[in-house]
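Just the one chain here, laid out as structure tokens, in the form predicted on its own.
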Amino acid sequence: MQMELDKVHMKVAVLLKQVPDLAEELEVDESGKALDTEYIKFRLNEYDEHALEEAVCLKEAGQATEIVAFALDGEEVDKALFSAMAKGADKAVKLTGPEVEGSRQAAALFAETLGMDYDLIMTGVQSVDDRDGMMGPMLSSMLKVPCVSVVTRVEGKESSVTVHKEYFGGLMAAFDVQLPAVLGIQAARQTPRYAPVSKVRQIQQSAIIEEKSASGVSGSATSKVTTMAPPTKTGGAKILGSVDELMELLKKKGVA
């Protein structure tokens, strides 16, 4: 009975994104505005993996009652959602709608779908393909709820969460945040768990992915990619053997 009384009834949404595997060789397509995705592999954004892990840890600690994984429709997204359920998510939802151009439009799609139905919304602090780190802040602005990013641990309460946040130089701080709220997770309290292939297959046979359509009109793209190209190779670097060589080089460059 005491364990039931101590349990926190908190509903958590975790936002997931599939990104190109950076171990692959990336090439620009014929349009010159996007990556050629024909042959590259996709994987779950590593920061979103940490967001999911932290949510599952909350549930295992009795500080959350339900975890729902959300993702926009795209390359290999079903695989990511089934894997999320294999790791501990209770449900999975795939959002369909207009082609997404940028974080703002993606945030609008999520905001329209999530509304105020969740106590806590957790997303990776950034994604490895754009690194703008704006999904959490934009989503919180659209939903008009608090947001904390660069989070490394979450502790749930009945109407709030204690959030551990990392600053530059390794400085840590703890905040009490009223729910509902949005959190950008940088690192979970432990290494994200691995879901065996056998368990993922079992989930595929026993669970379903719910599909929801959203328009995301309020988040129409404000900017577009006009060109994309790999970095230009330059002359490289030169190793200097002494301070005298450095001073001589600086004199030749006219800076000393």
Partner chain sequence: MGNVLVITEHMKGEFQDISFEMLGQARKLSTGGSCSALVYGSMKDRSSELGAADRVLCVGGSDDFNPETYASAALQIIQSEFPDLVLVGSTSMGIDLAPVLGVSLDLPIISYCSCIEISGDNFEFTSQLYSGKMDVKSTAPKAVAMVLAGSFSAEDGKSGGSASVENVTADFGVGRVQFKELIEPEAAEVDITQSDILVAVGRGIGGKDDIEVAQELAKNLNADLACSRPVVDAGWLPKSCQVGKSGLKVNPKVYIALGISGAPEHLEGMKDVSTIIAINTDKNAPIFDVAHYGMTGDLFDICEELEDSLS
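Positions refer to the first chain, counted from 1. Note that this is a predicted model, so its numbers are computed, not measured. In this text, the rigid core denotes the largest set of C-alpha atoms whose superposition between the two forms falls within 1.5 Å.
We do not show the form predicted together with the partner chain, though everything after this point is about it.
S.K.: Can you work out whether Val128 and the partner chain are in contact in the predicted complex, taking contact to mean some heavy atom pair no more than 4.5 Å apart?
M.R.: Yes, Val128 lies within 4.5 Å of the partner chain in the predicted complex.
S.K.: Going by a heavy atom distance of 4.5 Å, is His164 a contact of the partner chain in the predicted complex?
M.R.: Within the cut-off, so yes.
S.K.: Under a 4.5 Å heavy atom criterion, is Lys233 part of the interface with the partner chain in the predicted complex?
M.R.: Heavy-atom contact with the partner chain at 4.5 Å: present for Lys233.
S.K.: Glu46 near the partner chain in the predicted complex, any heavy atom under 4.5 Å?
M.R.: Within the cut-off, so yes.
S.K.: Of Ile209, Met228, Ala195, Ala61, which one comes within 4.5 Å of the partner chain in the predicted complex, counting heavy atoms only?
M.R.: The residue in contact is Met228.
S.K.: Looking at Gly74, Pro146, Gly102, Pro98 here, can you tell me which has any non-hydrogen atom within 4.5 angstroms of the partner chain in the predicted complex?
M.R.: Comparing distances to the partner chain in the predicted complex, the residue within 4.5 Å is Pro146.
S.K.: May I ask you to list the residues of 171-191 that have any heavy atom within 4.5 angstroms of the partner chain in the predicted complex, in sequence order?
M.R.: Read in sequence order, the residues that approach the partner chain (within 4.5 Å, in the predicted complex) are Leu171, Met172, Ala173, Ala174, Phe175, Asp176, Val177, Gln178, Gln186, Ala187, Thr191.
S.K.: Would Leu22 count as moving between this form and the one not shown, using a Cα shift of 2 angstroms or more after superposing the core as the test?
M.R.: No; that C-alpha moves by less than 2 Å between this form and the one not shown.
S.K.: Comparing against this form, do Asp132 and Gln105 have their CA atoms pulled together or pushed apart in the predicted complex? The difference is 3 Å or more.
M.R.: Compared with the shown chain, Asp132-Gln105 is closer in the predicted complex.
S.K.: How does the C-alpha distance between Arg189 and Gly133 change in the predicted complex compared with the present structure, closer or farther, given a change of 3 angstroms or more?
M.R.: Farther apart, by at least 3 Å.
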